[in-house]
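First, one chain by itself in structure tokens, the form predicted alone.
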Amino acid sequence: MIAQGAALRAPVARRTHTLVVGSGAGGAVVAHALATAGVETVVVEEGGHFLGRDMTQRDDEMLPALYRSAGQQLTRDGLVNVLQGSCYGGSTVINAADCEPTPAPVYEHWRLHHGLALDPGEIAASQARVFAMLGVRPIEAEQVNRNNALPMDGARSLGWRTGTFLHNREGCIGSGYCMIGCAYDAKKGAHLNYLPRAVEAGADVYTDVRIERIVPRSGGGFLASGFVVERGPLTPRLPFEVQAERIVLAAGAVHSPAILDASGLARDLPALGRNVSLQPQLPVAALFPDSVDVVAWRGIPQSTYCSEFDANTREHGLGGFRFEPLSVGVAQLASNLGGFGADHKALMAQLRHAAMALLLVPDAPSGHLAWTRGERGFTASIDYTPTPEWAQRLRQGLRVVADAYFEAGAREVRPASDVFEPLCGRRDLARADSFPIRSGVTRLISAHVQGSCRMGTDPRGSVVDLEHQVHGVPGLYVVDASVFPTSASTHTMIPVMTFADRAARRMLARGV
């Protein structure tokens, strides 16, 4: 059963064995594994239920429908826009469909420095099951659009290592609207595989439902309470509560810890909401001569990458930097070109000749979260200050991205800043060393917030144990990107799903 909030007319009170809070990469995998094993399972999702027929390909309609805060969830100082999905299927509905696992040196770093003695064979088996369910396959050469090909041509000409992603699309027509939902159901997110199969196996899914508090019951198990909410404003419509023997929080790295905090668990979990990494990304646009038709908004948005400057080590985990071309919709592309008034209008006239990439710079955990709770649920205060070492790598990466674009024939490179003058050739590359990184003048984005409920063996420095169970609270689990001790990968869908598959199978093996 899938029950949408608008169809509910009376308060809801349910009993179940397992309540899964969140239907994205973590929650969908857990719900499917438990339901198919015969465990009574209820899934709740604060966002709405949308399939291909509902995707209008309009930014003004789909950003509010599919993204947390309509895609405008900012750090407290406004420097980083933290993007998260908020809908049936979560971020798997609005991501770029890149299927990149956690690199082996990162797992080794977690073992050495965070006590995560993870079995490589177990991880490999979980990842294989995820790949099979998603239908992961290589992106073919003919599917690489010009926006993705041009900077990679430049990178290879400079002798740098490049690659093409695996992805989970089938029957893609190259419309280019991946980031606001695929109207053709070609991108096989959790809303098209894990969740419907969980429902077929007996799971019940409620959309437009927000859980705000979890209370242990004296006789065992938990009472989870919240509201059926009005889609859009997210204001309460009806009370909603579930009595469950087990609760799995998979509400994302911003809101899973918010629920734990509101449930009074912060006092015994000093790491809750701490150790946050955002892996901020800098949009970098390039303008090519009028003879080069890029048409960046058509085709698979993100299909290639340059990994020459990755530095993944067992000592430091994910490091260095990489750049990945990304073609988004016209409105999103326009917002990253910069300029105001007549200057911006002139740039828009050249939009067919504009390309865009993201410079991804992994960070050490340095942020923390706090929350207020109001009529529309939790509002997060995301405190994050980039370290000087991170800033140095970002500036080094900007020089590299610009060099690749100039090698490919670009005439101008424009990083996302309102005060930094465009780079107009290799003679300007040294100016990248003075690129400003501060609120109000630089625009960074994050699609990979992690670490706020980090996994570890010591309750003083972590929130969940190696089974994903909250320290000191048997039966309460967290299964999303919040558990990663450091940045797991440049793309977190596969790492989250892999961990979720492992977690669910361990729950089943324990018989609880």
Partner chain sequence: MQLPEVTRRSFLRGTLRGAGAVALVPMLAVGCAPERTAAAPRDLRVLGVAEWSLLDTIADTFVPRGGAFALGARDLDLATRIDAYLANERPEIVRGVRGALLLVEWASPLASGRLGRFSALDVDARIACIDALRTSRSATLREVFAGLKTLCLFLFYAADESWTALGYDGPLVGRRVVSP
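None of the values given here were measured: they were computed from a predicted structure. Residue numbers count along the first chain shown, from 1.
Below: the form predicted in complex with the partner chain, not depicted.
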- Query: How about residue 40: is it within 4.5 Å of the partner chain in the model of the complex, going by heavy atoms?
  - Reply: no
* Are any of the heavy atoms in residue 60 no more than 4.5 Å from a heavy atom of the partner chain in the model of the complex? -> yes
At the 4.5 Å heavy atom threshold, is residue 77 in contact with the partner chain in the model of the complex?
yes
For this session: Find out whether any non-hydrogen atom of residue 267 is located within 4.5 angstroms of the partner chain in the model of the complex, and reply yes or no.
Result: no
Given 26-34, 449-457, 467-475, 52-60, the stretch touching the partner chain in the model of the complex at heavy atoms within 4.5 Å is 52-60
Students should find that, of 226, 101, 71, 154, the residue having a non-hydrogen atom no more than 4.5 angstroms from the partner chain in the model of the complex is 71
Among 215, 141, 112, 330, just one has a heavy atom within 4.5 Å of the partner chain in the model of the complex, namely 330
Applying a 4.5 angstroms cut-off on non-hydrogen atoms, the residues of 333-351 near the partner chain in the model of the complex are 334, 335, 336, 337, 338, 339, 340, 341, 342, 344, 345, 346, 348, 349, 351
